[in-house]
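In the block that follows, a single chain appears as structure tokens, in the form predicted alone.
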């Protein structure tokens, strides 16, 4: 018997029939690379176009929250609610904002003089403020009912002015700084522990969000001091060549913190090896006043006296983005929202501004095809990021004229110093003028 072999063409209609007539036609494709010899050049063109479009759509400014009658001095994120922000100004006023509606929902006169610091309790039911009137006040998060007075839940009158405040991640304990660093229990009216180390004043104090018993503070003698709440004395301190204004712990890596310095730079340290910073972040052209990490721990944002804010990757020496407006004056305080999408900045001219963390990101609900296109172009940009054309377009930022000129001037000054040092080394006895790296230049000593 003779057998005949029949090959049947079998087609699955799902592969080529549209689901609705609004869909685009499905095209069967063979992905064999030998059939697509120009794939890389085509992808390069797409990457170049994606990079150009990213710069076209980079419009980071979202909204401005105005209502304060004096410069915004400090801000606090709500620990439970994404859309709630608290801000304190230089006239002692505290405002609670609804970010989704861009409006102020509550105003209270908290202190006489500046509000120096504020923090929301970990459960989100109350918040603490400190001010120039030497008081620490605890307030309820809800607005008072009809006919009720705006009264603090608790008031502690201290002996000196408090300049900073932070709350423990999961215990009813908070820390203040001023003439010394004090640890307070919420139930008591005197500190349970005080730390001093021959310093006349501190500017900020921060609890570690991972190793919750550790805290760090910036002192006026140019030092950064580390403490363990369970010990009776400070752990160690690093003295730098200029004063640090504030610091912020990395929320994902327990040992790392970044401090904002008066010498226009930011320094990321590993608390185990304080002899030199891991990385020096440069780009600002004036003192850096505040810093805050993204909740992912991969990036942070810094606020500066030069009227700009910059976004840095945690391991990069230069910023990936710079935000500025014509109206914005010295940026005093900065916060990165807990959903990693927005940045909030408070500045001298009484405004709080809401920015996108990723300037070219499209806000709102994305269609599945939009999301796929965005992630595809992102991958293309990463693949070709080191090509000269793409790198040039991706790095370019338009700066205000004065910042552009100051950056140029600082570059010339740095080059002159480097040249002078090189000449000095050339005409000195070998080994008498040692090479000092940029990281080691700014650290004076570590005291244990």
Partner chain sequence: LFTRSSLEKNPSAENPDMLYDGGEDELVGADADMSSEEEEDGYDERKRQKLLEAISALGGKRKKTLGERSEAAVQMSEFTVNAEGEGDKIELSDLIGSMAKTPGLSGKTKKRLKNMEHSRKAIDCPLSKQESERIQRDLAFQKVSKEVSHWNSVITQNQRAEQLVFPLNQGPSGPQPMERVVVGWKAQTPLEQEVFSLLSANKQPINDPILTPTEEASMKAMSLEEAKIRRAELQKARALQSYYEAKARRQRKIKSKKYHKVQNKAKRKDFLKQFDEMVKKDPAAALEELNKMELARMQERMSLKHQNSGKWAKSKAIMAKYDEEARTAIQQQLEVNKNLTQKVVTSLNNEEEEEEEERPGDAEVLPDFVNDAEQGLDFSNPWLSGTLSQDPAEETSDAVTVTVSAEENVAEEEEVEETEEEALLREFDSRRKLRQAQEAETAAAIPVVVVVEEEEEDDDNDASDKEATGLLRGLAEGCGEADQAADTDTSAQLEEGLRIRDVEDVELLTQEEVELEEETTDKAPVKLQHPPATESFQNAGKTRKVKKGIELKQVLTKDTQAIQVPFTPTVEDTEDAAGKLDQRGLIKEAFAGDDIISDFLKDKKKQEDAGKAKVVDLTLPGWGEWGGGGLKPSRRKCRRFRIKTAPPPPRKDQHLPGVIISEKRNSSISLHQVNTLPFPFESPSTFENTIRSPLGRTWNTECTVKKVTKPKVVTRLGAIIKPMTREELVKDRKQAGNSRLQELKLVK
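Nothing here was measured: the structure is a model prediction, and the numbers come from that model. Residue numbers count along the first chain shown, from 1.
Keep in mind the form predicted together with the partner chain is missing from the figure; the text below concerns it.
Proximity of residue 40 to the partner chain in the predicted complex falls within the 4.5 Å heavy atom cutoff. The partner chain is not shown here, but in the predicted complex it comes within 4.5 Å of a heavy atom of residue 380.
Not displayed here, the partner chain is approached by residue 298 to within 4.5 Å at the level of heavy atoms in the predicted complex. Although the partner is absent here, residue 145 is not a contact residue: none of its heavy atoms lies within 4.5 angstroms of the partner chain in the predicted complex. The single contact residue among 98, 340, 135, 126, judged by any heavy atom lying within 4.5 Å of the partner chain in the predicted complex, is 340. Residue in contact with the partner chain in the predicted complex (any heavy atom within 4.5 Å), chosen from 26, 417, 408, 386: 386. Segments offered: 302 to 310, 321 to 329, 347 to 355, 155 to 163. Contacting the partner chain in the predicted complex at heavy atom distances within 4.5 Å is 155 to 163.
The three marked residues, 48, 210 and 213, each reach the partner chain in the predicted complex, with a heavy atom inside 4.5 Å. Residues of 70 to 106 that come within 4.5 Å of the partner chain in the predicted complex, judged by any heavy atom, are 79, 80, 81, 82 in sequence order.
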